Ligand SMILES: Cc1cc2nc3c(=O)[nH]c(=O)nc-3n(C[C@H](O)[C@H](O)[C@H](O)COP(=O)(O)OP(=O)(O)OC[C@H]3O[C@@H](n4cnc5c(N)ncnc54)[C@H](O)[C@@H]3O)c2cc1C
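One chain is shown next in structure tokens, namely the form predicted on its own.
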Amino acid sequence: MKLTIDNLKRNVPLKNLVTFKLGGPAEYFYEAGSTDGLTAAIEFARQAGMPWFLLGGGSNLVIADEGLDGLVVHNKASDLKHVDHESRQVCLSSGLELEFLVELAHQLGMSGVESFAGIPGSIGGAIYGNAGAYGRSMADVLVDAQLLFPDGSIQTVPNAFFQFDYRSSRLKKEPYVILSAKFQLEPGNRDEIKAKMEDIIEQRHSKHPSYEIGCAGSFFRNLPPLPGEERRRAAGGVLEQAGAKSMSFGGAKVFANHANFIINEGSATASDVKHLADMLKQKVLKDFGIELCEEVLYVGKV
């Protein structure tokens, strides 16, 4: 596959492709529907000396109001879907939604990923940020992944390569691109898996903004455990104590049902969100001496 400037779209609005429903356009844009297309687009940008950004499911992002220079590659690669029933391993393209993995495992009667039910975004993005919920994360189920390296080579690397940490991986610092990933599942009961998925989704609906509301997901990382404790402290609890639910700026406001969500009421800009986030961080620091750290990623000049 040969890409040229003529193959690329120009000035494509990105707000329709991110869950926050805000942000400016991409200078150049390419939607990669296959692993070959994904590889070709990134290699084109690298060889052209063009800045590039890989967009997956569009969650956990605040895109700059001015948009992004260079090439935005929308990863919709979905050509690989392989199940090894004997080993209970599933190999999938990185552009597939995380929800595809969750539902596939349910249909197969395999357990291990039902805790991820309702988490938006792509498989590649979920690995990049080590997404998780209810005590499980991608680090717990990933076997290995096929990566495009900065030198253009394609290599399969083990779980340990990613140096997973809480909501983080090596990929947040180094420009490797996930092409596909293999996951280890466990024996399970289809009805029990479905019941757990439904319970988790119901909990999410009761606390989280609906999909129609612009939101990036949990805005700040949960806090390290207190001395002698194992579980992280919920950032939302600290924010609520600080009075966050009454705070807003421009078109951005804190969600009434959960203080760790900033929502776009329809007219919010990226600068509104950044300003409100800074206000929240300053309030928590002043009241409790705690420094909050964003879980979302600011992209471009926000």
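Numbering starts at 1 and follows the sequence shown. Everything quoted here is computed from the prediction, not taken from an experiment.
From this point on, the text means the form predicted in complex with the ligand, which you will not see here.
Segments offered: 151-159, 188-196, 228-236, 120-128. Contacting the ligand in the predicted complex at heavy atom distances within 4.5 Å is 120-128. Proximity to the ligand in the predicted complex, defined as a heavy atom within 4.5 Å, holds among 61, 26, 263, 259 only for 61. Taking a 4.5 Å heavy atom cutoff to the ligand in the predicted complex, the contact residue among 72, 110, 145, 177 is 177.
Among residues of the shown chain, residue 201 is not one whose heavy atoms approach the ligand to within 4.5 Å in the predicted complex.
Using a 4.5 angstroms threshold between heavy atoms, residue 211 counts as touching the ligand in the predicted complex.
In the predicted complex, the ligand sits within 4.5 Å of a heavy atom belonging to residue 55.
Contact between residue 182 and the ligand in the predicted complex is not found at the 4.5 Å heavy atom cutoff. Residues of 155-171 placing a heavy atom within 4.5 Å of the ligand in the predicted complex, in sequence order: 167, 171.
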